[in-house]
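As a starting point, one isolated chain is supplied in structure tokens, in the form predicted alone.
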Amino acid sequence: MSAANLTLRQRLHERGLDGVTLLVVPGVLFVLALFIYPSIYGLLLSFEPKEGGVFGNYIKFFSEPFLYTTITKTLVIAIPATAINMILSVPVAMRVRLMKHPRLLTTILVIPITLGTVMVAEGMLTYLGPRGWLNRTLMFFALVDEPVRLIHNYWGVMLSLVITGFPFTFLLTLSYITGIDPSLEQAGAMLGARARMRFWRIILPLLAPGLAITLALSFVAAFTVYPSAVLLGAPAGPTRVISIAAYTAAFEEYDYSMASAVAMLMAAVQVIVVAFLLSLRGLFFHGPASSGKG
């Protein structure tokens, strides 16, 4: 059959474009419309400052401590919260996978996702406030002389990120752990390896690539913190995160060019950290645990 007699479907099939592949087109258009175009537009807009030349916004950002310190403040909140969620999710996921009925516990653990950040913050204000149930209980039993301050500071934002971020990290970790063939661990047990050794020499090397991805996604979610920093933190002090700086520039100063520059810096920091975390996958793939030694 000549090329002229081929139908459109046959021509597309020869080029590897079948009906299933074409279903990707709406998704690509969606990404272009809601992510790629706004990102490019924001990048170009960041180089159109009200004053100071093409790089005026970036010069202003790094010349004012009130602005550039927001990067450090955000990292100081996001990195520990991500680490805590990761450290907690691995043993919990390891335990859940061995349970006969894990659905109930999994459902309980992921409830904070359904509540949302704002509702969790409202609950924390009620339970952890100076006149909240926790402080009332501690003072009733004379465990403390004055209310413990757990909100409107660094710790309030940290607790919020752990509560809302743990379910996401746990679900991702659980999906990777359940994907590991149990026969590998059973073989290690038959060869005399104890549970701790099986984890470090079998489970962790296989789990490490997935953990790197989980760390990256969890960090991005924590780094973009905004509601918790406003409702539970001190927005003018230790929890003035970079997203607050972007909001202030856009909706209080109406300087959308500056806000775009702050957003671009947010993206740059996230890309650097995510690239570093994902690079760890290769380290684990070629590390001693996966080399077959010992």
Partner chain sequence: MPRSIGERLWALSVWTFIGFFILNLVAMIGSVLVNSFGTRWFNTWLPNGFTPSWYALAWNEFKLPDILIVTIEVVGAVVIISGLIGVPAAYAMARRRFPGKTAVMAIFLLPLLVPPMTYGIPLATVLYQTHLGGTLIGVILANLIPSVTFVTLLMIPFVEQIDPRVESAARVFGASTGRMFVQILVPLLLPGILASLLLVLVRTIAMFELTFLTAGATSQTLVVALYYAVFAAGVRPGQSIDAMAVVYMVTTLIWLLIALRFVNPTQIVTRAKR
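Each form is matched to the other, and the largest set of C-alpha atoms that superpose within 1.5 Å is called the rigid core. Everything quoted here is computed from the prediction, not taken from an experiment. Numbering follows the first chain given and starts at 1.
Just so you know, the form predicted together with the partner chain exists too; it's not on screen, but the next bit is about it.
With the partner removed from view, the residue among L172, I71, A208, M86 that has a non-hydrogen atom within 4.5 Å of the partner chain in the predicted complex turns out to be L172. Residue contact check for A212: none of its heavy atoms lie within 4.5 Å of the partner chain in the predicted complex. With a 4.5 Å cutoff on heavy atoms, T126 counts as touching the partner chain in the predicted complex.
In the predicted complex, the partner chain lies farther than 4.5 Å from every heavy atom of G56. Heavy atoms of T224 reach within 4.5 Å of the partner chain in the predicted complex, making it an interface residue. Residues W155, A236 and L277 are none of them found to lie within 4.5 Å of the partner chain in the predicted complex, as judged by heavy atom distances.
Looking at 206-220, the residues that come within 4.5 Å of the partner chain in the predicted complex, counting any heavy atom, are L217, V220. After superposition on the rigid core, the Cα atom of F30 is displaced by 2 Å or more between the shown form and the other one.
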